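In the form predicted on its own, a lone chain appears below as structure tokens.
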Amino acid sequence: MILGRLTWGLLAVAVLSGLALAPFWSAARPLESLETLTGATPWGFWLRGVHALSAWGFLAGTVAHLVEVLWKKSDRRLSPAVWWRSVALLPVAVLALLGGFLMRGDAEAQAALAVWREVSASIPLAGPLLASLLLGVPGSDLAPVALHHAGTFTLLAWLLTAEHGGALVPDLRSTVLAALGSFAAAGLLPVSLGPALAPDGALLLGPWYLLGLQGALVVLPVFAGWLLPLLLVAAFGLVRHLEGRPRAALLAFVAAWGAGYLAFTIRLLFATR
């Protein structure tokens, strides 16, 4: 499918641009290093924009491709194991992008880091250990976050995409098209940084793709931060095994989940006005 190939090309652009950015970023001084990159390094703002926008495009493309597969009912072409691993690409992509958001080091990133730590710690049994493994201990620098962003989750995303696409690397045409689109978008849509400290009383927003979850956590218990995404991933995975009314009911649940997520997103955005 064309959308799937283009999405893989966007992942390749995100990985390559991330490698180019790595020497400029500091785990001990994340915000200062990015401000230097953006303001004092020639074309630094553009390179950061290419990385961010291609990564966002990869996430959006993954969601769109998953919906496309379900719409065309082509999930049956994959074995159950491959289908579940393909569905796992969605949370892996979100976690990879969330790590990149935390690496900004500004006030919004610091707030998101605290929320992610609390949500991770609420997972039964392994929660506190998982939080320390993914985010490091409180007060440490962002080296563990960077390790999982650039290593663990990016490698998993690449391997899962490669298995789904049937090849180890994306085709040249898709990569070139993804690169040209990312280059143009980075020139038109600069990716900003926030302040180191938020103004008193300001509502800090997380990444755009998690605004619905942030809005839900305003009114729901903290464990909803991992339980709600888990239910969505499980629903996507189980669709492959159902037919008729059970499949339609599960897809209706997915649609209702998406509508609720959009409602929480809009509610949160109105609260910022």
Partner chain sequence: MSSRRDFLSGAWAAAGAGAAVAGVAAVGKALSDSPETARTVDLSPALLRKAEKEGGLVHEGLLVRGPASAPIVLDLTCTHLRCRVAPVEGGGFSCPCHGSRYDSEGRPVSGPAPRALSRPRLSPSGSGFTARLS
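Numbering follows the first chain given and starts at 1. The structure presented is a predicted model; accordingly, all values stated were derived computationally and were not measured.
Beyond what is shown, the protein has a form predicted in complex with the partner chain; the following relates to that form.
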{"query": "Partner-contacting position among P195, P190, P80, G151 - heavy atom within 4.5 Å of the partner chain in the predicted bound form", "finding": "P80"}
{"query": "Proximity to the partner chain in the predicted bound form, single hit among V222, L230, A248, V63 (heavy atom within 4.5 Å)", "finding": "V222"}
{"query": "Partner contact for V218 in the predicted bound form: the partner chain, 4.5 angstroms, heavy atom", "finding": "yes"}
{"query": "The partner chain contact in the predicted bound form: D141, any heavy atom under 4.5 Å", "finding": "no"}
{"query": "Exercise: A185 in contact with the partner chain in the predicted bound form, heavy atom 4.5 Å", "finding": "no"}
{"query": "The partner chain contact in the predicted bound form: S132, any heavy atom under 4.5 Å", "finding": "yes"}
{"query": "Site check V115, E118 and A202: each within 4.5 Å of the partner chain in the predicted bound form by heavy atom", "finding": "yes"}
{"query": "Stretch in contact, per heavy atom within 4.5 angstroms of the partner chain in the predicted bound form, of 124 to 132, 91 to 99, 158 to 166, 176 to 184", "finding": "124 to 132"}
